[in-house]
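Coming up is one lone chain in structure tokens, specifically the form predicted alone.
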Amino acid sequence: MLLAKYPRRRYTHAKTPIEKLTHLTKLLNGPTIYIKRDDLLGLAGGGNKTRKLEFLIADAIRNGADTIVTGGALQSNHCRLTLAAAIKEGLKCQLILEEGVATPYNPNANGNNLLFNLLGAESIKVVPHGSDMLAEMHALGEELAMAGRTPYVVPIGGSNELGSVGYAACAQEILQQSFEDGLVFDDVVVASGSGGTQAGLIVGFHASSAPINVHGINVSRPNETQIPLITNLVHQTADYLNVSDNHLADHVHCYDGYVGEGYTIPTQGMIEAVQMLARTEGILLDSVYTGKVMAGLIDLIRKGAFKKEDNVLFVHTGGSTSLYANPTLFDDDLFVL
């Protein structure tokens, strides 16, 4: 798997650190827990989408784009980072935001919404919950093309086979750090949403013959739809990278018991997990992705899903900027040291 042949822009100029979570490990009395700090990736505020955008924006530039079009939820980390990447490359960026189940658009909201405006999105279109976001983005792209522009549509979450290359590269980075630090990771735990992060890691570890289990904690969908989504993207990514996909479907592991009532809707487990990591390790999670993923990891440890001697790596995909849009969410103390 020779990734150097794929055009890439570089937005982070060093490997993100892997840290041992000493206090959390002791508290949970389970496997040894480490964290991959992809919340410290480059661009405005950091987060996992940066790795995907390094390849997607390079492709946009190669295709002569002058305007990036993408979309996401009202507090989309992906939209924030795509906008920042576009600005860095001297491109315009237009966003389509989908309202939540019970969350109408507030143009004066804090968090990522504030940053959309501060970074200077060329336009923000808000559509009702349940809209066909892909169709909305392509329709906007067609409008721009008719106006003489050259648009490039970045998929939601940056999750197609090209965006997933960013996390195949991350798998190689983790293995290099593992070698340098004398660590052997048995399991990796990551958010399973639009799928590019999980799929890229699965393909990347498989291509290096690394027997590391990748556990995806679902943040938006039940397994009946999430597993086929991840499996399909794994096959597409493997095919794109010319990696054998023999038995790759067997490496797709998703857990849908931590979604709660739906995407972006808080859960008690998430609140406890965010407070727990903040108060034991001084690390901020978010309420949509990493909080639910950590809640899943904590519950799996409590249920004995990992052996005491295992080394488990939690991939922190970022998103803490959205905390500031929900100032009362953590008023109740569900975890006290």
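For every residue, the number given is its place in the sequence shown, counted from 1. From a predicted model like this one, the values you see are computed outputs, not experimental measurements.
Heads up, the form predicted together with a small molecule isn't pictured, but that's what we're talking about next.
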Stretch from 41-49, 300-308, 58-66, 270-278 whose residues place a heavy atom within 4.5 Å of the small molecule in the predicted complex: 41-49
Heavy atom of residue 151 within 4.5 Å of the small molecule in the predicted complex: no
Heavy atom of residue 191 within 4.5 Å of the small molecule in the predicted complex: yes
Interface membership of residue 94, the small molecule in the predicted complex, 4.5 Å heavy atom rule: no
4.5 Å heavy atom contact, residue 16 to the small molecule in the predicted complex: no
